[in-house]
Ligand SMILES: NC(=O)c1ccc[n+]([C@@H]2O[C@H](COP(=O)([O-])OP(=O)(O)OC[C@H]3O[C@@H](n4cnc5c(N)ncnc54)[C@H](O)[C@@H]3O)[C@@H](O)[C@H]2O)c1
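Only one chain is shown below, in structure tokens, and it's the form predicted alone.
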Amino acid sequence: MKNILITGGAGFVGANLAIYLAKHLENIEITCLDNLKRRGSELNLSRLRAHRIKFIHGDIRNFEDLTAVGAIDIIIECSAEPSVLAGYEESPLYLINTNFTGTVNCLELARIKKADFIFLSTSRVYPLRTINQLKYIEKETRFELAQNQKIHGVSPHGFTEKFPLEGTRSLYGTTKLCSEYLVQEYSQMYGIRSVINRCGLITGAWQMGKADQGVVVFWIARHIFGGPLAYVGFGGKGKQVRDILHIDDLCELLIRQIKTLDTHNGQIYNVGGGKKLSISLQELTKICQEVIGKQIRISSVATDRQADIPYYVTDITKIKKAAGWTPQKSIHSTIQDIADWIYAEKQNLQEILT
């Protein structure tokens, strides 16, 4: 019997992961710990109960909450303050204490329990200025990376794990990068098997999307419920690009890592949808119109927003080779899944997603 602790376990990634593991793995006991701070996370509690997943209302900032969990063999650290804008016009203390101090506490628990450690980091560890200095080609509906770049670690396939880390990246990205370094030190010093996944834009049902985090769900919800939308920054044309990863594809990858952790021990992977699953806001709007059957007015704001970038696509070459994994969900099916979920839960979600 394996005992798995998922921190941030009532959040979008944590809850979906817990349920996916419960469905696809045998001889496991899953505990989800969450402080329920993010609005909408309370809706996941009944879903966890339905799959006999234990829930603890706790906070990774408080080590005492973690020690109450019991026997643990694997910790999957999903908890985070996920907004890249966190701290810009407010105190950064919650961000820092959750994303960094919380990781310290989780690693201490792993040390004490001799547990394996899977850390969900972010593509936002890569520096803003370096990304913005790359050469881009403006096409009809999107930006694309130019063929020849002076900076290593990037190609038309996207950003690799060797992209330079020198420079600033936002407090959110900084807290996750600091946590990465600490995961590596704990792993080396205390013999903890660990893997770090630098995740790009993850989306799917049960994500309580906002403009600064969970933008795909936010965009779809506005097409369903109405409300203002805007193409912000980079000329206000909606040509900025991200690659999309369906939550189920991430969960499938994590199962493979759990089953073969020795293979992935000590590794850092860029995890995302890759070039085939990349999309601009302009292109996202078109698919939303097709799926929802509605057009809404989208305004234009040319001024760049803090911490924004014109382009990020994950080069998934390393993780595909290491895990034999390739994302299966298309962009269109992912958007359809989200729309179906919003319609099914419309009464509960309208106030949260508007």
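A quick note: this is a predicted structure, and the numbers were derived from the prediction, not measured. Residues carry their position along the shown sequence, with the first being 1.
Just so it is clear, the following notes concern the form predicted together with the ligand, a form of the same protein that is not shown.
For the candidate set R61, R305, K320, R47, a heavy atom within 4.5 Å of the ligand in the model of the complex is found for exactly one residue, namely R61. Residue in contact with the ligand in the model of the complex (any heavy atom within 4.5 Å), chosen from Y88, Y94, Y190, F225: Y94. At a distance of at most 4.5 angstroms from the ligand in the model of the complex, all three residues D34, R38 and T98 contribute at least one non-hydrogen atom. Contact check for G273: no non-hydrogen atom falls within 4.5 Å of the ligand in the model of the complex.
At least one heavy atom of C78 is located within 4.5 Å of the ligand in the model of the complex.
Not displayed here, the ligand is approached by V13 to within 4.5 Å at the level of heavy atoms in the model of the complex. Taking the partner from the other structure, the ligand in the model of the complex has no heavy atom within 4.5 Å of any heavy atom of S278. In plain terms, the part of the chain that comes close to the ligand in the model of the complex, with a heavy atom within 4.5 Å, is 201-209 out of 145-153, 68-76, 253-261, 201-209.
Residues of 112-127 placing a heavy atom within 4.5 Å of the ligand in the model of the complex, in sequence order: L120, S121, T122.
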